[in-house]
Ligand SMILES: O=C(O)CCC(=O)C(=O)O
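Shown here is one chain on its own, the form predicted on its own, set out as structure tokens.
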Amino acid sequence: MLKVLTRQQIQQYHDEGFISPIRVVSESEALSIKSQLEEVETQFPEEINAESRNNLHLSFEFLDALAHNPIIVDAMEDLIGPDIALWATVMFIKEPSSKHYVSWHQDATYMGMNNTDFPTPWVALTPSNLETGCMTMISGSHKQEIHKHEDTFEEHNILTRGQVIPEVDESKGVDLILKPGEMSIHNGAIIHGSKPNKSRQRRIGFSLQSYMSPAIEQVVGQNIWTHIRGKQRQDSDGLSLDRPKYNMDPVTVSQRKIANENLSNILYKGAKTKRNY
């Protein structure tokens, strides 16, 4: 029995590679999370900044709570079953009137998994629309193989390598317009990107990249996961991450450093250059 998603939404996910929008929390709750985020940005600038944006759910309790939000997790169970672990999270922030963008890419390209079929929820904490630089999905592209990506390390490209797929059929692009507190869900193999934020407000999105079943294994790097629901993973080289009991819990802050170093080694494997995020 489905918990959150409809059969039509699940069919859309399989056919087009994404679902959007889905309400996770109220708009006021989303803006409260945004306020908490901006408070810790001020309080702990070394812990959270433009170059320290990965796995913040290990440092801050309110982001861990969002990663375990029952609507998100129930939607994941509808897609991948009851045994769920989270690989990593990324906070994507585009400052007002900035040049930062995300080039056409497929998430699974450098993640080092044995399969590319896994879902990523992306939760809007501010409006995500054409003016602020929302995500655009190339419908149906998840059914293709992983394309060749070119590493550019372009200054304003906020992907790790500035990786880009050179030729994309943009006529199949679908803009995912989200209000604060809504999420989209996209497949690990779908081609997507986003344009700069032309507005006067920040565009903030929390990417839960990605929730996976035990069938998905890390084959590059160490298996490091946050357990979410169901049976615990039993990887021979695995590390199960704890949940922070409060913001800047020293146990999980320490674990975040381990997870981020592993993540960096995975994402930059074979790269000629390595950025700080």
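The numbering used is simple: start at 1 and walk along the sequence shown. This one's a predicted model, so the numbers in the text were calculated from it and none came from an experiment.
Absent from the display: the form predicted in complex with the ligand. The rest refers to it.
Proximity to the ligand in the model of the complex, defined as a heavy atom within 4.5 Å, holds among I72, V168, V102, A189 only for V102. Among the residues T109, T160, N197, S207, the one placing a heavy atom within 4.5 Å of the ligand in the model of the complex is S207. Residues placing heavy atoms within 4.5 Å of the ligand in the model of the complex fall in a single listed stretch, namely 88-96, out of 88-96, 72-80, 169-177, 147-155. Relative to the ligand in the model of the complex, residues W122, M135 and R203 are all within 4.5 Å by at least one heavy atom.
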